[in-house]
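In the form predicted alone, a lone chain appears below as structure tokens.
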Amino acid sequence: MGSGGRWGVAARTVCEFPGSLGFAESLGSRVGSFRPAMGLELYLDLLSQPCRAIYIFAKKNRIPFEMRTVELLKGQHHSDAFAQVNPLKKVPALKDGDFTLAESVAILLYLCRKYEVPDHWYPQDLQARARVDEYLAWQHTALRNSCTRAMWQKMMFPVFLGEQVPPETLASTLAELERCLQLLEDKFLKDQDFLAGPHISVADLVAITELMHPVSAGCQVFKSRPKLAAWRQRVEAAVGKDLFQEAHAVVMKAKDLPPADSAIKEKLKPLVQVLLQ
């Protein structure tokens, strides 16, 4: 998935929880013509882990933004209109006046710098910041991959796409997830309260939103890991339980999605091939 989701666009009011307005109706010529918008716009789908991290960060820090929901499962991220915002055709994406930005880590750090949020999110201290950077650099090809594959192979393939995953493929994916969870504990969390030290940072938001992917599929990520479970509770308390649940409502209900129709299955074929490798 890279640092964003390859998935899905509807205009929202400021900081409003996303619904499902029609893409063409909500964006119309506004995105297509690139007319300057007032204020910050975030293009998100809360089914996507990095989108949830940005959503939590922006709301927790009272950053005013207009949310535009990009529905990945409908292929809205492949539209010509969205490509003008992000030619990479991935969410999250940011539009701030005439300025556009892709990639979740870049967006999080842009928000940190522009809005002068509390220092603990991305510390000024050289070594504390380096610890945050270290985790953000590692997670792309480690925890991101295993969490995404675990969710899709365990839940989305059989429930949404009506396809069974070979048992050996799922077993290999879950073993890799366990390996990454052990690294998360041993290398990054250690005996600290949070991944980069005594205070929550953007690293914790990126990590917890990843872990909720396999949790939504029924994986017992925290059950046999008391250290990780205690960390999760601290992260939830730091951001606020209501906001945490709000950001994860979409993914936690993914198991109840109606089966995909043939058109959606066709659009998702490239993703399916990647997630079964």
Partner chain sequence: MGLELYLDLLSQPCRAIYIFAKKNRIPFEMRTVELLKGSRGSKDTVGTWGVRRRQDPGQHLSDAFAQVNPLKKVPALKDGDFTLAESVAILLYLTRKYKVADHWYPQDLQACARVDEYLAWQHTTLRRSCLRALWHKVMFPVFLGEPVSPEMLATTLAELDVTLQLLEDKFLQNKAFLIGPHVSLADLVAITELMHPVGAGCQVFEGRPKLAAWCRRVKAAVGEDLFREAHEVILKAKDSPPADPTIKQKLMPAVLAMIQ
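Only a predicted model underlies this, so the values are computations on that prediction, with no experimental measurement involved. Positions refer to the first chain, counted from 1.
Just so you know, the form predicted in complex with its partner chain exists too; it's not on screen, but the next bit is about it.
- A residue is said to contact a partner when one of its heavy atoms sits within 4.5 Å of a partner heavy atom; residue 138 meets this definition for its partner chain in the predicted complex.
- Using a 4.5 Å cutoff between non-hydrogen atoms, residue 129 counts as a contact of its partner chain in the predicted complex.
- The closest heavy atom approach of residue 103 to its partner chain in the predicted complex falls within 4.5 Å.
- In the predicted complex, no heavy atom of residue 273 sits within 4.5 Å of its partner chain.
- With its partner chain left out of view, the stretch that reaches within 4.5 Å of it through heavy atoms in the predicted complex is, among 69-77, 84-92, 160-168, 195-203, 84-92.
- Contact residues in stretch 248-277 (any heavy atom within 4.5 Å of its partner chain, taken in the predicted complex) are limited to 277.
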